[in-house]
Structure formats: C-alpha cells, structure tokens
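Before any questions on how it binds or moves, here is one chain, the form predicted on its own, in structure tokens.
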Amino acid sequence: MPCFIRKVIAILSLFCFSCCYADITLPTPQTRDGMSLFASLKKRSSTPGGGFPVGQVADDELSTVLWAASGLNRGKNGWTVPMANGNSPYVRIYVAGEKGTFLYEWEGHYLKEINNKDIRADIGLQNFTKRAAYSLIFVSDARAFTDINPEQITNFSYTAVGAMSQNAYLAATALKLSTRYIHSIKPDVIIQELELPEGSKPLGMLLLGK
C-alpha cells in the first residue's frame, strides 16, 4: 500500500475515533451559599408530570445535581449514600439528554458518552418524560455484587436509589429546578440503549427540568 494512502487512512481513523467519543467535562459543582438544607426540605416536591417544564438546565446546575446524587460529597472522607462492602455505591447514574446518553463518572466528575441519540421519549411509559431537559437513570451495577447474596441485591439497590434521589431532590430544590422521580420506565429499551452489561438492572429515573 502506498505511503500516501496509509497516511490518509490513519488520518481518517483518527477523525472517526474523535467523532465517536464526546465525553463532557462538568463544571465544578456548587457547594457554598444557596438555599439552606431546612429550606430545601420544606420546598422539596415532585413537579406534576403534565406541567413539567421544557426549559434548559445549565451545565453547572446539572453538575451540582449529579455531584449531590452520587454521594461522593466529602472527597476521600466517605460517601453520603449506601456503599457496597466499603466500595463505591452499587448503583450507577446515567444521563439522557438532547445531546445524547452518558454515564456519570463520579470520580472524574464527567459524562462518558454512551451514544449521541436522544432517547428521552423512548425510555418512560408517560409521555411527559420527553419534556425533561435531562433524565437521570439509576441502574444497579452488576460488577458491585460479587460478594452479595443475590436475594438481597434488589433491596440494596433500591436503598441506594432512595438516598441518591433524595440527595438530587434537595440539590435541585436549592437550585430552583423541577424534579420528579418515576418508576414507570421501559427496562428493556433502557438496557439496549445504554448498552448495559449483563446483570445490570434499570431501577427508575429522576426527571430534571427548569
């Protein structure tokens, strides 16, 4: 193969590789000022589905909600949500939005692209799910259950989701965002679109809007 052709192929391969991955670095989450915890508790509520807003959520707002939801809120001093055998929590957070679908990598605080498709209208049973700027999808992490009794996996997972979603609710309330947790999802569609590993299970999702 001529040298020129090899160079062209190499350049095209590099271009295609760069186009396939569009990870998003998130801004630093807001951790100071803002609404007090007790005010957030008082104002916390689920936005009615039929009236869910269609406004855009800013990157720094999404960043803060994801940081809160993950439970990795104290650096190396521990988590604020349940953990698996002293390791990271056994539920991962995926994000579906207009620009695509992503896995939230909490240790690097960035969004890892899964695909560039807008799946918001396809993953929930209610029509209003497509109105949300973002859907935070909670998925049990099969890799975290190697030492856990299979009969206990579901209970452990939903316990973690409860803590994560409450963290997200309070942060979203402090930011004056609209939120609604729903359990009426389409697991089979989510598994396919998120390319989930075997054993991972979609548990529910939190709609985020403004």
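Because the structure is predicted, anything quoted here is derived from the model rather than measured. Throughout, we count residues from 1 along the sequence that is shown.
Just so it is clear, the following notes concern the form predicted in complex with a small molecule, a form of the same protein that is not shown.
For the candidate set T159, Q56, S40, S46, a heavy atom within 4.5 Å of the small molecule in the model of the complex is found for exactly one residue, namely S46. The partner is absent here, but in the model of the complex a heavy atom of Q126, alone among T80, N116, Q126, S88, sits within 4.5 Å of the small molecule.
Although the partner is absent here, L170 lies well away from the small molecule in the model of the complex, with no heavy atom inside 4.5 Å. Using a 4.5 angstroms limit between non-hydrogen atoms, H183 touches the small molecule in the model of the complex. Heavy atoms within 4.5 Å of the small molecule in the model of the complex belong, among the stretches 70-78, 126-134, 104-112, 88-96, to residues of 126-134.
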